[in-house]
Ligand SMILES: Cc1cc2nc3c(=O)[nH]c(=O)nc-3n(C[C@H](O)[C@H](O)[C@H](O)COP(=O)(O)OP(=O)(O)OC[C@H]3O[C@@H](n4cnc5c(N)ncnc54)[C@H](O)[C@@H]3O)c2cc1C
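Before any questions on how it binds or moves, here is one chain, the form predicted on its own, in structure tokens.
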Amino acid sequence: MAALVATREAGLQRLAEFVDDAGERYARDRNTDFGDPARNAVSMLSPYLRHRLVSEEEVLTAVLERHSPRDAEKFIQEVYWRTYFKGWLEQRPQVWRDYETARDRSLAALSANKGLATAYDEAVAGTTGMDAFDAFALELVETGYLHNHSRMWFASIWIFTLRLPWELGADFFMRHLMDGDPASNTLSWRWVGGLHTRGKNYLATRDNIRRYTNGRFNSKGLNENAPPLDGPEPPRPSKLPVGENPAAVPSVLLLHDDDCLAPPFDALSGEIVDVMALDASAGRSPGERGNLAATFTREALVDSLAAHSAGGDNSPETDSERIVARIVQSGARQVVAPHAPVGPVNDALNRIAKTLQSHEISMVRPIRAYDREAWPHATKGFFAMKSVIPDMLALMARRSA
């Protein structure tokens, strides 16, 4: 697979190339992994959506200009699955904290448990002897991407056949996926294991893999009858953040790797004295990130800075203290940052905001209308959100009218 170009222009071009296939063809072929580089049955937009180089609203609008909601139903639902996961985790931030704790505990156990370390090393190196799993492990590292169905098979084999901690597999994905996202990645692994939809796990089978890879693999020795993982009930949903509106004061616009799309400048009534970009992607994993994933994030932020700043330094910043120092030096009284959902970016913004308080500089984090309308429907399973997709599409259409 040719490396994806991490620019908004490339994301919009990819959308334009795919949109004709978002209807019947996507519905027919979306579950088949034809192999790299034959990826024309799926959109390959997830890295752009993950960093919001292109927004969900832009994607849905383009698709609905070409297809009816019924004809593009499967693709539209796939977009809203990502939105659902974000809204669900936004109301249960402890699930992310618990994942981080269990992940770090499992990573530490690799040093003390030789058997676990050997099994883990074979899994991430793609040397288990299971053809499909090994091919997927190598493809992930080499391309920074996996077909969604292959991610499900991989996670299922990791959990139920190799019997490795699911948190280690989720961390492997977070290090290498260009679209690695705290909500989609963590909750997808939980869903496969039977922790998200309680008591219902996803089991990879030899026949299913053979069928949906066009016979490329013949995986033997899979555990096709494993019970779901056991774990505590997820916490009850908490209140969603409401977001804030910027004041008419000198402001710094702070973009980040969860949202490279700034609000339109005419929506900010105060003077923009500086534009900066926070790269908090190192917080996605304590391990070394794959080169493709790290490069995509950094280049996405460089592209965003080039688009939103009038010259100057287009280098994303990873150090919170340097960001604070530059904000203070700018003379701004306010920082405007697009809202970041639960995860490393949100954590970094919280640290920056706390430090800025001592300088009497506020941070406001507007929430996009798309998220504000959808997230309240992510309290339970996906069906609740699925049932109101027509209503949310109508709201979206009225906004763009």
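The numbering used is simple: start at 1 and walk along the sequence shown. Just so you know, these numbers come straight off a predicted model, no measurement behind them.
Not on display, but discussed next: the form predicted together with the named molecule.
K.L.:
Among 348, 340, 356, 45, which has any heavy atom within 4.5 Å of the named molecule in the predicted complex?
P.N.:
Going through each option in turn, the one that passes is 45.
K.L.:
Ok, 278, 79, 262, 252: which has a heavy atom sitting within 4.5 Å of the named molecule in the predicted complex?
P.N.:
The residue from 278, 79, 262, 252 that makes the contact is 79.
K.L.:
Is every one of 181, 184 and 189 in contact with the named molecule in the predicted complex, taking contact as a heavy atom within 4.5 Å?
P.N.:
Per the other structure, all of 181, 184 and 189 touch the named molecule.
K.L.:
Which among 107-115, 294-302, 235-243, 80-88 is in contact with the named molecule in the predicted complex, heavy atoms within 4.5 angstroms?
P.N.:
Among the listed stretches, the partner-contacting one is 80-88.
K.L.:
Is there a heavy atom of residue 152 no more than 4.5 Å from a heavy atom of the named molecule in the predicted complex?
P.N.:
Output for residue 152 is yes: heavy atoms within 4.5 Å of the named molecule.
K.L.:
Would residue 204 count as touching the named molecule in the predicted complex under a 4.5 Å heavy atom rule?
P.N.:
No, no contact at 4.5 Å.
K.L.:
Does residue 54 reach the named molecule in the predicted complex, with heavy atoms at most 4.5 Å apart?
P.N.:
Looking in the predicted complex, residue contacts with the named molecule do not include residue 54, since no heavy atom lies within 4.5 Å.
K.L.:
Answer yes if any heavy atom of residue 26 is within 4.5 Å of a heavy atom of the named molecule in the predicted complex; otherwise answer no.
P.N.:
Contact with the named molecule, yes.
K.L.:
Sequence order please: the residues of 135-164 with a heavy atom within 4.5 Å of the named molecule in the predicted complex.
P.N.:
Contacting residues: 145, 146, 147, 148, 151, 152, 155.
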